[in-house]
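Coming up is one lone chain in C-alpha cells, specifically the form predicted alone.
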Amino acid sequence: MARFLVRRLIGAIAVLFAISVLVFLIFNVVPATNPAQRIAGKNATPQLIKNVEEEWGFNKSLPAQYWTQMKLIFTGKVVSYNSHINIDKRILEGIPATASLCIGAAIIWLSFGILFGYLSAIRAGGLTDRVLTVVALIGISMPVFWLASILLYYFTYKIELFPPSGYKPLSEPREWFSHLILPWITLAVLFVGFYSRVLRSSMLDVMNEDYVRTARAKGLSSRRVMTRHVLRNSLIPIVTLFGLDFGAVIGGGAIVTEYMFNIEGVGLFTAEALKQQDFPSIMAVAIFGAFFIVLFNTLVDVAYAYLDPRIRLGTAAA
C-alpha cells in the first residue's frame, strides 16, 4: 500500500507540473500580444508595463519566466493590477464560502442521487421508475442561472422564506444555513438527476451477475441482496463520479451559482476576474482549480486501492 501511495503522489505532482506548464504557455506564449501589457491592463502606462516585465520575468528565457511566475503564485506575491489586491489572499478568503457551498450541495446530490437511483432500479419499468426518470431529466436540463432566478424570485422576494443573497460565516450557524439552502439546491439539482441515472444503470447490470443469483439461491432476503450485494457493488462508478465532480466544483465549477447568489467565494472571484480580463487572477484560479481536481482524483484512486487490493497489487506488478 505504501508503494502504491508513493506512486500516486508522484503521479499527482507530475500532473500538476504539466498543468502549470500548460497554463503558463496558454497565458504567456500562445497569444500574439505582449503578455506584460495584457497583465498590466488596458489603460497601463509604459512604466507599469516595464515594471510588469521585470516582476514577471518577461525579459528572461522561457524557463526563467516559468520559474518566476510560479514562484510569484505559490509564495502569495501575485497582485492584481486592476483591483490592487493580493490574489492568493483573496482566494484563501473565498475558500470557506466555496467549501460551504460545495460540501452542502454534495451531501444533497449524493444522498438524493443514490436514493432515486436505488428506487428506480428496484422498480425498473414501473411507475416509480418512470416518474423519477422524468424528474431526473428535468433536473439535468435546467440551466443553473434559470433555476437560481426562479428560486430567488419565489422563496426570497415573493414569500420571503429565505434571506437575500450573500454569505454568512459558520460562526453564525442559523444565518449560514438559511443563506446557503437555495444555493445548495441550485447546485445539487443537476447532479441528482445524473447520479440517479448512472446508479440505476449500474444496479441493473449488477443484478444479472452470477454472485447475485447465488445470493438469492441461498435464501437471502430481497432487501439484503439489493443493499449488501447489488447497491454496494454498484457504487463504484458513483465514487469515481463524485471524486471528479466534487474536485471540479470546488475548483471553480460553482462559478454561476456563486455569481447568482452573490456568494463571495472563489467562483465569484473567478467571474469578476473573467469580466475584468484580470489575467494574473485567472492564471492563479486555474492552477487552484487544477490542484483540487488532481487532489480528489488521487483520493479516489487511494479509496479504490483500499477497497480492492487487486488494484494496488496490479500497479505494483506493473
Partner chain sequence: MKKLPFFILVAAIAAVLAVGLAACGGGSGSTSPTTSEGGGGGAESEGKEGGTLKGAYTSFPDYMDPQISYTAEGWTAMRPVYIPLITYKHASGEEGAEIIPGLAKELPKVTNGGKTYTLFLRSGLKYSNGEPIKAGDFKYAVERCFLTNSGGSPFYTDIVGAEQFAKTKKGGISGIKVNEKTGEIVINLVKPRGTFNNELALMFVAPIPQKTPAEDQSAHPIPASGPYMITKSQPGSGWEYERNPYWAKDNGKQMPEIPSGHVNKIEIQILRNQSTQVNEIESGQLNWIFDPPPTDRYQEVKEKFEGTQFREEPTISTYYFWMNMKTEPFSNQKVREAVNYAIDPAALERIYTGQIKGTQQILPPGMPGYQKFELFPHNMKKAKELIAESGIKDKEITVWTDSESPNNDAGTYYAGVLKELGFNVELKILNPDNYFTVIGNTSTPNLDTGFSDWFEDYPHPNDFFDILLNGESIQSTNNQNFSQTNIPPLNEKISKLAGEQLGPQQEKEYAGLDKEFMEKAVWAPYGTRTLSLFVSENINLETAIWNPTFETELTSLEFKE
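Residue numbers count along the first chain shown, from 1. What you see is a predicted model, and the numbers here were worked out from it, not measured in a lab.
From this point on, the text means the form predicted in complex with the partner chain, which you will not see here.
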| property | result |
| --- | --- |
| Residue stretch of 122-130, 70-78, 220-228, 97-105 approaching the partner chain in the predicted bound form, non-hydrogen atom distance within 4.5 Å | 122-130 |
| Any non-hydrogen atom of Ile150 within 4.5 angstroms of the partner chain in the predicted bound form | yes |
| Interface membership of Asn43, the partner chain in the predicted bound form, 4.5 Å heavy atom rule | yes |
| Contact of Leu170 with the partner chain in the predicted bound form (heavy atom, 4.5 Å) | no |
| Exercise: Ser165 in contact with the partner chain in the predicted bound form, heavy atom 4.5 Å | yes |
| Within 4.5 Å of the partner chain in the predicted bound form: residues from 73-93 (heavy atom criterion) | Asn82, Ser83, His84, Ile85, Arg90 |
| Outcome for the Cα pair Lys275, Phe58 in the predicted bound form, compared with this form (closer or farther; change of 3 Å or more) | closer |
